[in-house]
Each structure stands twice: as C-alpha cells, then as structure tokens.
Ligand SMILES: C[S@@+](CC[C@H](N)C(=O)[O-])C[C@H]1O[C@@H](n2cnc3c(N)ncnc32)[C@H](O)[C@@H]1O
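Presented as structure tokens, the chain that follows is alone, the form predicted alone.
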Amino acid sequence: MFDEQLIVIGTGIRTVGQMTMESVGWIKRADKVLYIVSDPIAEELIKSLNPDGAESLFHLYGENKPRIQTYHEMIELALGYVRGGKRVCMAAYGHPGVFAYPTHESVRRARAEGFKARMLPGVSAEDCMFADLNFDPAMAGCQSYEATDFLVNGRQIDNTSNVILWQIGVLGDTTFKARAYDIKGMPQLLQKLYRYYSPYHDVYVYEAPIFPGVEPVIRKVPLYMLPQAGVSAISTLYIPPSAPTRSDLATVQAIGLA
C-alpha cells in the first residue's frame, strides 16, 4: 500500500463527513497534493493535512478560456511531478471519476508511461441526489447524460425510467466563466425534451449542499418553467418517469415470472 506514484482521490461534495479515511491517508503521504475543490473548507483541510505539498490547480482556469485547455495543463502539471520522482495525490471534489476528464486522463497517461497510478472512489453529486430526492435508480432504471452531449449527439430517452441531465447550467458553453454562464441551448433542450414529456411534467432542479448544516437546493417546476427555475453552473436536472414500465409479456412468461 502507498506505493503508487499517482493516486487520484475525491473529497466528496461536502468534504466534512464525506472524505474517506483512505483519501486522508494518501493526502498525508504524498509529496505533492494537486487539488481542485469547490469550497474553502475543503481547501483548508487539504492544506492542514499536507502543508508543504498542497498546491491548488484553480489558477489554471481563465475567464472565457476553453476548459479543455485548462484540463490538459492540469494533466501535464501532475505528470511533470510524477516524472520527477514525486508521489503525487490529485484531489478533486466529489467523485474523482465523475465529470473529471483530467483525473481519468492523468491516470491513463501515467500508466502508459510505466508509472503506478490508481483512482479511489468518492461521494458524488449523484450519490447525494439519490438520498436528497429519495429515489432509487434501480427502481424503473436510470439514464444519465451530460446536458450538452444529450442535446447535440442524438441521445434518446426512455420516459419510463428516471433521467438525470448534468451541467444544465453550462449548456452549450465549453469555456470557463467565473460567474453566470450564457445557457444558449436552453430553448433547444426544451424542444427535445418535449418529444418525451408534457410541458407540464414536473422536473427537479437539484444542487447538492457543500457545507455542513446547509440544505440541498431542490426546485420542483413544470418542465416549461425550467428557464425560470434559477439554474446555476452546479445545477443538475432530475426528470422522474412520466409513463409506467411496459412489460414484454412473452419474455415474462418464458422466464417464469407469470
């Protein structure tokens, strides 16, 4: 244990209470801790666990700078330390493998260059959503898409299942914004969703809480009111099923369930 040269960990959405003991151990033992987190509590915790090696990656972002450019800079910085013989811990908020291209790509490239690299699981916004909205993804199934990907890549919906659309607050924008994003694809998103749902079907705008004692943001609105629902850069859209599951009776009988 602790012999990896690159370890990628997650701090959880709410760092206090959600960062695992395994992740804490890696932060303490790393020569460098490169972190990108969403709140000052998480940052202070990381600095306290490794005061000499902690280094924020946030400075790599720039207003209107393509996010993919920033991501590649993060990857190169991490691998530069690994190539220099340092044990590197890369810490990302939430689950380090969910909506986190730099973490996955850093592990892939490190392994391709012959270094030992591993990713540890963490608590994601999806995990928080299942608890806060009180639905089980195994009941009726669950489809999950990044919102821009859903809109532009011909993705299809089964409206008998639960549906999650991530990053609806940055819909159609590939750059970084320090404040509000221009959600220019919202009209097109609504038109696509109307193929599957009534404009009056209730949906939920959700934001997981990042501080202890803070309640989640849960806004229930009819679909047509989504543009007025106060969507932010961290908002996720949850759409409950709008139709009952349709059983294949021949298969039900063939496997003895009827």
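Source: prediction; values computed, not measured. A residue's number is simply how far along the shown sequence it sits, counting from 1.
In what follows, reference is made to the form predicted in complex with this ligand, a form of this protein that is not presented.
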* **Contact flag, residue 87 vs this ligand in the predicted bound form, heavy atom cut 4.5 Å** => no
* To do: Mark residue 234 yes when one of its heavy atoms lies within 4.5 Å of a heavy atom of this ligand in the predicted bound form, and no otherwise.
  => yes
* residue 125 within 4.5 Å of this ligand in the predicted bound form, heavy atoms -> yes
* Asked: Hey, in the predicted bound form, is residue 93 touching this ligand, heavy atoms inside 4.5 Å?
  -> yes
* Structure fact -> Within 4.5 Å of this ligand in the predicted bound form by heavy atoms, the stretch out of 24 to 32, 203 to 211, 45 to 53, 220 to 228 is 203 to 211
* Structure fact -> Only hit among 98, 133, 79, 157 for heavy atom within 4.5 Å of this ligand in the predicted bound form is 98
* Structure fact -> Residues in 148 to 169 that come within 4.5 Å of this ligand in the predicted bound form by at least one heavy atom, in order, are 166, 167
